[in-house]
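Take a look at this single chain, the form predicted alone, given in structure tokens.
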């Protein structure tokens, strides 16, 4: 089934949404967990079915390992974060959680053990709350599940600057990790205080220096559109990060949504306007290009590589693997990329086959640590809720991930899904071309200027008719939790 859009519908949708703040810009997948519900079929039945699909094409797996704990801040959750988390209450809670994590790894051995492991990402939460001895311990669980961890794949651990120290980073390196991703937010000591973090510039750059010392690629997340942030503040942060030798930057717009503190009227009054945010996006792009960084997605920038070691350090395999979750040649599927998630709130994304009769699905582990542990005590996979894709949903998921790269290869789309993408969404492309937000070539649809900035809104547009259909099946009342697969925020 293809959903057609009228010219009037497309114009009115864009006109309505263009000057509204939109949430979950970095990790915007189809469909949002707001549309997920408890799966009707036992998960082990679905995993057995997945094994059948694996007989037809190779699965290249990107493993996500979840961590529940975050340091308490005031305002809560750094003022803006909507990801599930639990308050850190000391090492005793960490030790208990790691014991349950081991049990979940063991439960997946019959189903994931023969997969090809392509990357590992330890996310959260705040994984660098662990003690040094924990990193090797959890990596052993991965090694046992997969019968070994390839030495040359990307292995990332996420964390916040003030919790890194030399003992931890040495242990992280010795455990086999080769990349650290730091959620920095702001380098300005005055601006970071809005998040409630006790974080300083010095802590950030001390952590970067230690990453260099232990030959760890380092990635830094910085946010624009922050309360009272100016263009000069933003550009100075980028300049300082580059000077410190950061290999990869994720530079994204502040998420303003839900009941977060930054979404309150008081904090909204301190935010730059949407027009200013658009100009910040443009100026940041211009500056990063001038400094030799390559734009990989709307938000992700990698330092250009001059050596094999630079290539490794500038890569961003876990996040980028999902931007085209199928390899195909001459119309034949060669490889399907999947996310296998283990741990609190982890997501498993299984695009098992791309023919109209194939079934694909996504599901999230429990977002309550109590429920997560109870399910494992009961001998059950700790699944909270998920979504079974129809063929149109798989196509939309593919389009969402491709759009993150600011380019859709419509020739690949036609080879994979046997549908003319230009014809299927003709009125969308016509309107975007009229606004000079895209250019169309023989191979691709390229998003340019405002078209890049508004990709989350444009993803919502192409999925809007299908989402209305999903809503009409059953009204759900659930929390608005972002998809962590790009994801993936």
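Please read all numbers here as calculations on a predicted model, not as lab measurements. Numbering follows the first chain given and starts at 1.
FYI, the form predicted together with a small molecule isn't displayed, but the following is about it.
Asker: The small molecule isn't shown here, but in the predicted bound form which of 146, 80, 194, 363 has a heavy atom within 4.5 Å of it?
Answerer: After the contact test, the surviving option is 80.
Asker: Tell me, out of 343, 183, 225, 351, which residue has a non-hydrogen atom within 4.5 angstroms of the small molecule in the predicted bound form.
Answerer: The option sitting close enough to the partner is 183.
Asker: Although the small molecule is absent from this view, report whether residue 252 comes within 4.5 Å of it in the predicted bound form, heavy atoms only.
Answerer: Output for residue 252 is yes: heavy atoms within 4.5 Å of the small molecule.
Asker: Going by a heavy atom distance of 4.5 Å, is residue 160 a contact of the small molecule in the predicted bound form?
Answerer: The answer is yes: residue 160 has a heavy atom within 4.5 Å of the small molecule.
Asker: My question is simply whether residue 126 lines the interface with the small molecule in the predicted bound form - judged by any non-hydrogen atom within 4.5 Å.
Answerer: So residue 126 counts as contacting the small molecule.
Asker: With heavy atoms only and a cut-off of 4.5 Å, decide whether residue 240 touches the small molecule in the predicted bound form.
Answerer: Result no; residue 240 lies far from the small molecule in the predicted bound form.
Asker: Out of the stretches listed (183-191, 203-211, 389-397, 286-294), which one is close to the small molecule in the predicted bound form, meaning heavy atoms within 4.5 Å?
Answerer: Stretch 183-191 is the one.
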